Every structure is written in C-alpha cells, then in structure tokens.
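A lone chain, given as structure tokens: the form predicted on its own.
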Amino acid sequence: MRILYAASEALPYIASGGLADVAGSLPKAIRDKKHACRVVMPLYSDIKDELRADLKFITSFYVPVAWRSQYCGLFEGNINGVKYYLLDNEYYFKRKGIYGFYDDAERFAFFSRAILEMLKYIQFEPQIIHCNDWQTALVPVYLNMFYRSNEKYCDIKTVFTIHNIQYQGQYGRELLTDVLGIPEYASSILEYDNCVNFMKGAIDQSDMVTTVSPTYAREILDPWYSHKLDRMLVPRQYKLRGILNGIDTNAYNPKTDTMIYENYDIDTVKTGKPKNKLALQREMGLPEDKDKMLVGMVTRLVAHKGLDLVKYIMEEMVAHGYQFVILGSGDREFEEYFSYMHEKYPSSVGLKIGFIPQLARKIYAGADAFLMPSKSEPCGLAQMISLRYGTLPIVRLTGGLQDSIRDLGGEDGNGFTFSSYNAHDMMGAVDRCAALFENKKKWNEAVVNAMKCDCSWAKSADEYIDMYKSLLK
C-alpha cells in the first residue's frame, strides 16, 4: 500500500504536542511493515538549521487559495528511512511558532490545498491520504469538491484522525468563499452551529474517522466529551474507529537515553533508577532522600489535565510526606498556584515553568510515580513513556489512560487508577501507590513489570494497516 501521512507537525522537524510524536513514529512503523508511507508537513522557519540543511529542493508550484494563487516550494527530507515532504511559503510559515495566528484558517487551508496540488509533482501516488486534526481537515473536503474528476485522484481514500476533539478549527462563516474558496452551494459541508468548522467537514467527507484510543472513540459520542460534535459523530459511527497510539521505544529507552543522569535497563533498574532519583531531587532543589516517594508530572498546565484536583488536595499530599517534581506551562492560574506551592514548600515541591525536553526525560527516569489525573485524555503518551522508564503511572480512567493502564490491585496491573473525577479518589490512588512503595520487594517487581509492557507501535501499526486495507477492498 501507499499512504501519505498529512500532519501540521512531526518529529524530528518540529513539535508542540503529541501529534508530532505520532507523525514522527507511526509512518516508520508502517514502513517497517513493508508498506510505503510518506509524511507531508509545512516548512516552518522554526525548524532547526541542521535539519533544514539536509532538505532537498524538488520544485515549486502555485496553489489556489480562494481567488488567490500562492507560491509553494516543495522540499524533501529523509529521516530513519521515511521520506518527508515539506511545503514552503514564507508568508504563511516564516513565523515564530506553529499555531495561534489571526490567519490560521487561511494558513492551513493553503496547506491542505497544497498537499493535493503537490501530488502532480512527485513520483508517488498515494492510495490513502491520512489526515490529522483540524489543520489538515480540509484535505478530504477539497479532494471531493475539486479533484475527484481527475483520474490521478479519483480512487484516493481518506482517513481523518481526531487527536483532540476540543480543537476543531472554528471560524466565522464569512471565511467560506473569500478565504477557504468553498462555493456557496457547498457551504453546508463546513457549516456547524452558525460557524465554519473544519473538523466537521472532515468527519463528513472522509472515508474513515479514527481517534487515538478505543475508549476515546466511545467517549466522543457523549456530549460531555464531544465539544458539541456528537451530533455529527453518532450518525457516523459506522466509520469511526479507535486505535491506541504507541511510542517510539528506540527514542524512549532508558538504556540508551543520553538525556537522563544514568542509563539503566530491566536488569540494572534497582541500582540505576535510584541514582536518577537522587540526581533529580538535587537538580530540582529537593532534599535527596531515596525513601521519600517522588511523584512526577510533565504536563500542560490547563484544567482538562485534572489540575484542579491536584490543586484541591496538594497540601494534603505534601502533608503525607510525598515529594513532587512538576514541569509544564499553560494557564496563568495554575502557573501561579504551583509557583506558590513551590515557594511555600520548597523541600516538597520542585517546579520548572516551561517545556524542557531534557528535564522531562530526567523526570520520567528519576520519579517513582507519574501522576495524570486528566478530566479527558484522548490517548496520552506520558503514561506509556513512564512505564518504559519504570515509573508507575497514577491515572484517571479516561480515554487512552483507561486503555493502557491497569490497576495493580488486579491481575496484570501496571499502575494505579481511579474512576470518578474526584480529588479524594485521586488521593486514594496516590496513597495506594505509596503503600506499595513501602514494600520494596513488591515495588521492585512492579517496576520491572512496568518496563516489560509493550508500548511500541507494532500492534497499533497492524491495526492501521488492516483499516487501510479495508478501505481499498
């Protein structure tokens, strides 16, 4: 099969969240299964010079954007055997950052249309275009509207993956014709609740809609999770499927990771992990104490990550003797709260505001437990990474957290879970984790079992391949 994977970000070129991890690892896993899978993404100015230097210019062409015709340069890169196409337009992409601009609708309308125009200039004819999130949601819309009559495009199937249904690409209706180039007669494809909704268009026009975990696929049919798109999804359940993400187990490997303090594996975790813990405590300004349970959090500091639960019960957890290391940035409310807690309890709460990849790895390797009390979590990668590093996850049962973490109170457990969105239920899970921490023999067994969990893309890639094949029958 031939798959073109369309994403607004992908590692190692650029990343702002989990989509980049997926776009940087799933195509390789599919390629390892002997299928052709290539990636297309924008050429942002923030891409590092050393990566840009390895790109090869292929050609340039012009892209219709409503009544305008915009330049597009086509570059090619190769990472780990996967071919990447990077689309260049300095007006749209020569900026500091990826998202959050006043003209994001136009920027990613251009990108979506450029993906389809690009196919005229490359020696690759995809059978499937796999689109991701609202930034590429117009690809199936434009394909069906403007390209199906062309023999080169008539048999292409489209898959649309929802990584987070909260971000739908919602804009004013006035953008339809002048910016997006959608004819008035076809306006109903994108109109939803009195606005333009990119994701709604993709759900309607794609051949298959997927989410990043089976539980999330069920959850988004419920108005509590769907951010009002349940009215679109419920009638289209026949083409909705959830496939759990994996992680790149070569990139996340405590045996070879150059970012952590000391390398270890399953055989040396009993000696290697405590050294990482003491070094992490030292770096974060906490007392070095191997017998205090150290809880890590690497997260965006926003409400849906469950931080209101943490805020409600934080001082009680500190009173129980737990230490915390927190890395993240986000809403001012939570940045200020955790800064206050750090100042009030400097020997119990270590904090860094921002995103520091090296420190994130050190937290995965040095913490004893990893807390993810999310209100909603489409998939989550942090809990899988923490398993890989022998750090036991404490999670709320939602989305991909429910699909990947099983409570140690039952059979085949690999972490600690709680169900209701309640601070004291979360506290109960943390306390159960602490009770096991006191039993070093059982704790070490749990750590080894966590590291044995298969969080790779192997199984998930097979599920994607089966789904692609079903579309081509």
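Residue numbers run from 1 along the displayed sequence. In this text, all values refer to a predicted model and were calculated from it rather than measured experimentally.
One more form of this protein, predicted together with a small molecule, exists but is not displayed; see below.
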Is the gap between M293 and the small molecule in the predicted complex 4.5 Å or less for some heavy atom pair?
no
Could you tell me if L19 has a non-hydrogen atom within 4.5 Å of the small molecule in the predicted complex?
yes
With the cut-off set at 4.5 Å between non-hydrogen atoms, does I203 touch the small molecule in the predicted complex?
no
Partner proximity in the predicted complex: L381 to the small molecule, non-hydrogen atom cutoff 4.5 Å:
yes
Want to guess which of 231-239, 278-286, 370-378, 83-91 is within 4.5 Å of the small molecule in the predicted complex, heavy atoms only?
370-378
With the small molecule left out of view, choose which of T215, N164, N197, Q323 has a non-hydrogen atom within 4.5 angstroms of it in the predicted complex.
N164
With the partner omitted here, the residue among Q402, Q168, N245, S348 that in the predicted complex has a heavy atom within 4.5 Å of the small molecule is N245
